[in-house]
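As structure tokens, one chain now follows by itself in the form predicted alone.
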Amino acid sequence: MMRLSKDQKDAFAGDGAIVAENAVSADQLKRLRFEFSRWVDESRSQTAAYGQICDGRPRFDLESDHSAERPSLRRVASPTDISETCAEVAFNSAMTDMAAELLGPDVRFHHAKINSKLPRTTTVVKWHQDFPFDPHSNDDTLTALLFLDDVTLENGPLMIAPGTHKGAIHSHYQGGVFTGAVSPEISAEFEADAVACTGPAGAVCLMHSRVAHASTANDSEAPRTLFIVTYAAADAAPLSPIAVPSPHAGRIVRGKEPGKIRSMGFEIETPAIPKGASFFVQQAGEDDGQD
């Protein structure tokens, strides 16, 4: 069964991103939300990044305004490693089918994470492209951002610059340091063309990895939580270590092993793996291994 219409596929090709509804079942959405709420409750007793992913860095990342009374759990790294529901949705859901229709027929799982902006929290994401973080031999890679909450203009939605996936791969280094963001001058250009990606809980934003995007703080009383999965065409070979590693990395989720690598011509700077809990510390200029 095809999940995406021709118009949606054409929009993805032209703009580099679409929002598609019904990317998971009602039961899957309910279970994902329950899982995240449990992690939020656990975070109330923490004062710094905690837990551990397979490379030893923290799994749970907290914003600077985090407190027991008003928690600000902004990142869960590789939730597929500790949650059967997250693994199920990443590897075998309508969202997986949609990714295969855009990248397929053979598709790999690359990595997963949860990014959240709880009510009245200060988390912002500066303008960047995902491909410079996770370069591959070709750019048939995408980020699927599943809405666990209704995403509105008020609660810090993803903003994209349409069509930028067909343009330059921009530097994410400033002053010789990998900052995870483009320069202020380029950011201003993207901001002028920005379009918000909004929709109901259970919808997904499917975004080409070269599309420039950003988001602002959540100024509302409504949460905005995204379960984010990166998929790649199976013949796209990763060119750098994965910043959010998992034992599941490289798993075929649709189709089969192609037995070949497809390449395209481009030049890209080598990304830097964050020493701290997430790329948020890189964007804040605080990546000294402490969050």
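Note that residue numbering follows the sequence shown and begins at 1. Quick caveat, the model's predicted, so the values are computed rather than measured.
The same protein also exists as the form predicted together with a small molecule; that form is not shown, yet it is the one meant from here on.
Residues placing heavy atoms within 4.5 Å of the small molecule in the predicted bound form fall in a single listed stretch, namely 126 to 134, out of 126 to 134, 83 to 91, 188 to 196, 169 to 177. Arg108 falls outside the set of residues with a heavy atom inside 4.5 Å of the small molecule in the predicted bound form. Heavy atoms of Asn138 never reach within 4.5 Å of the small molecule in the predicted bound form, leaving it off the interface. Residue contact check for Asn115: one or more of its heavy atoms lie within 4.5 Å of the small molecule in the predicted bound form. Using a 4.5 Å cutoff between non-hydrogen atoms, Leu226 counts as a contact of the small molecule in the predicted bound form. Every residue in the set Leu145, His213 and Phe279 has a non-hydrogen atom no more than 4.5 Å from the small molecule in the predicted bound form. Residue Leu158 is the only one of Leu158, Ala161, Ala77, Met95 with a heavy atom lying within 4.5 Å of the small molecule in the predicted bound form.
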